[in-house]
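As a starting point, one isolated chain is supplied in structure tokens, in the form predicted alone.
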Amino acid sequence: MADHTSQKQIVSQVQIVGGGLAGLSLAAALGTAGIKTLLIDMEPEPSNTPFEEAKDNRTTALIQNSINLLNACGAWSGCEDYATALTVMRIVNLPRGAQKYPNSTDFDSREIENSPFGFNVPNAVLRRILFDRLATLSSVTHLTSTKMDKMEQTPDGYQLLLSNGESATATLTVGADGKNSACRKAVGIKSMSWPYPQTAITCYIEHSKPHQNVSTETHYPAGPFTLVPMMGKRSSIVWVEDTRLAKKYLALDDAEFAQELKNKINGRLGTIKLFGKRGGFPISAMLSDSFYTKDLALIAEAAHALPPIAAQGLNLSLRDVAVLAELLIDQNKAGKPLNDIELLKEYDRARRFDVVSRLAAADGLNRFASNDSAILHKVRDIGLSAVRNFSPLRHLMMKSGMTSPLGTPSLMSGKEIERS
């Protein structure tokens, strides 16, 4: 722990603990509005090496509302060269028993609008763009390779003691520091969490056949195997597997691992070749009892965490960012305190139903799809057939997956951020 006896003091309006994509996005939104913001980021500055060499080898399927938010923050320009349109979402239920062929249903965005569902972007690219955006904002201080050592309540908000020997205070502190949030624990907000016996294996592949902007999610007994289009003849993979087997697969050499992938893909994309790194991420879910307390708000995985189903994770977190940023920007324009308890209650009210309903749906879908029950396999088949043959139901499901049940925040509807 750093020596804080002769510390430098950083005073801000908002201090954000956690430099993941949600924390970076909130800092960009507040900084664009001219709100004095500190971002405490444990990760180092991203390198200028190609994205496939980055430690984070995941991608994010951003729906259009999330892209609107990033655009308002000045952090979408530069992503376009790496963004791949997601036009069709295909769900596949594999055959079982005497059944010869898989059952599948396509959700085609062109049935409900003239634009794709969204765009798939490498996380490393998005982090780099957000990082560069913060560097242009005079109202944002971005401390990298820095963690919070201690958090203490003061009359003026929380004082944070940092690993670089500095301390920081702000009217409002935002915890964006993940499932095991030190902020959440420090202020005594309880949470419930539950692990799944699954690990998500992530990697990139090149393939000889075009993906045609179709994202394919195939349901296996251990979990979904998802191919998500990337630029050119490339795709990212999220392979949810039994944790014991996932460790075995991740320990294979590249040739052996590629062969396991070929078995899963079953010729769908022609010949394949691995590129970049592999990763493994244990799957769990979490819900915080509250998304706020005095002088503090929680966003993203400090408040909630979902299994990787239907591209809900970061899109849900960015809705936290949009709602909280709008409230803070409006409050700042009115000259009112950013830690107002009614504002924090409004943030919690605005987010809780969306979060709880998405978490329940993701948990249910994961349990429903990740099993070898003959009865549930038949139910999945019947459900896919019903959706395929009844377009109003299909259209309703597509629209509900792309919007919040309580409406779309204005920063996700194309509104620009005005500087205070």
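So that there is no doubt, residue numbering starts at 1 and follows the sequence shown. Nothing here was measured: the structure is a model prediction, and the numbers come from that model.
The form predicted together with a small molecule exists for this protein as well; it is not shown, and the discussion that follows is about that form.
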Within 4.5 Å of the small molecule in the model of the complex, do 190, 288 and 326 each have at least one heavy atom?
no
Tell me, yes or no, whether residue 241 is in contact with the small molecule in the model of the complex, where a contact means a heavy atom of each within 4.5 Å.
no
Please check if residue 409 has a heavy atom lying within 4.5 Å of any heavy atom of the small molecule in the model of the complex.
no
Is there a heavy atom of residue 22 no more than 4.5 Å from a heavy atom of the small molecule in the model of the complex?
yes
Give a yes or no for residue 269: in the model of the complex, does one of its heavy atoms lie within 4.5 Å of a heavy atom belonging to the small molecule?
no
Partner absent here, but in the model of the complex, which of 211 to 219, 74 to 82, 335 to 343, 172 to 180 has residues with a heavy atom within 4.5 Å of the small molecule?
172 to 180
The small molecule in the model of the complex has a heavy atom of only one listed residue within 4.5 Å, and of 296, 168, 300, 322 that residue is 300
Though the small molecule is not shown, can you say which of 35, 70, 26, 61 has a heavy atom within 4.5 Å of it in the model of the complex?
61
